[in-house]
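First comes one chain, alone, set out as structure tokens in the form predicted on its own.
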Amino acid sequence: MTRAAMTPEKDAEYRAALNTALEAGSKVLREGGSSLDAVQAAITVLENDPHFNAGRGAVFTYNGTNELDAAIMDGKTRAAGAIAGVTHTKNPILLARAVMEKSPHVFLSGAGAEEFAREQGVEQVDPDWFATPERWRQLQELKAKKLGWFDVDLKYGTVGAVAVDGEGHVAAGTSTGGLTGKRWGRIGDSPLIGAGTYADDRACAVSATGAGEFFIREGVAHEICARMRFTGENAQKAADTVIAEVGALGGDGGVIVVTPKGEAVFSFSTPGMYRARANSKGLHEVAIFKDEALAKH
């Protein structure tokens, strides 16, 4: 994700999409809604936008299907819901929330998750809804180059949101189509509570994107919250430290983090990360590349 690889048109499209998601979440909070509702609102927008690897626009598996993963977590109660490997649920983040609020479980997968979705009235669509020509082209490119299951060029993508509401409660959510060309029912860090998604009012809320296998091994999202709780590090220091540890393992990626006091930070080891943040004091930022200056907060 470099300036050289991004056309002005694509740059504008991504910034507009990020602004739309940011506004959807901000509107919930402005109207006194919960952090959970704000996270869900922002992610739903991104799942419906074909620019991103989640919902419509999700990458293809090696066998030419779209398998979707998502998770959501409430920092107030540490309740959580997650789903993996679904192929018909239009908005996976809504199903993850249904698992959290309407089932005795945390994590459902595959056919069972879709059965639960139908029982709960979560909207189902034909799998063609998720498919886009660009994602299909990426799969064909991967196969043509014989890059194997882990393509360094088309590696990953995720959408996520974190929020803190007027009562100081944090929440996090993440949704993804996973890896281009993934096989064997592979699941990354996004739906794994503590790896790609975590929220705890005692510390922070985190959503991650990156090389999922490494984020799982590091337990990235929980690790950041734990560092804040037990070492006294602020959000930026904790996030930077954990992303560096992922790098030492051989992985890269990034996180978005928010604290109950409203501190909102990013940390990433890649040339860019689609990101945006807003608060009740007028901060409103959208950025893509690493060298974009962001206001102090």
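One rule holds for the numbers: they count along the sequence shown, beginning at 1. Quick caveat, the model's predicted, so the values are computed rather than measured.
What comes next is about the form predicted together with a further copy of the same chain, which does not appear here.
Q: When a further copy of the same chain is placed as it is in the predicted complex, which of 176 to 184, 161 to 169, 89 to 97, 128 to 136 ends up with heavy atoms within 4.5 Å of it?
A: Result of the contact check: 176 to 184.
Q: Check, residue by residue, if Glu213, Gly219 and Glu223 all come within 4.5 Å of a further copy of the same chain in the predicted complex, counting heavy atoms only.
A: Looking in the predicted complex, the three residues Glu213, Gly219 and Glu223 all sit within 4.5 Å of a further copy of the same chain (heavy atoms).
Q: When the contact criterion is heavy atoms within 4.5 Å, does Leu108 count as touching a further copy of the same chain in the predicted complex?
A: Yes - in the predicted complex, heavy atoms of Leu108 and a further copy of the same chain come within 4.5 Å of each other.
Q: Taking heavy atoms only, is Leu142 within 4.5 angstroms of a further copy of the same chain in the predicted complex?
A: No, Leu142 is distant from the partner.
Q: Is Arg229 a contact residue for a further copy of the same chain in the predicted complex, using a 4.5 Å heavy atom cut-off?
A: Heavy-atom contact with a further copy of the same chain at 4.5 Å: present for Arg229.
Q: Give a yes/no on whether Ala71 approaches a further copy of the same chain to within 4.5 Å in the predicted complex, heavy atoms considered.
A: Flag for Ala71 set to no.
Q: Can you name the residues of 244 to 270 that have a heavy atom within 4.5 Å of a further copy of the same chain in the predicted complex?
A: Result: Glu245, Leu249.
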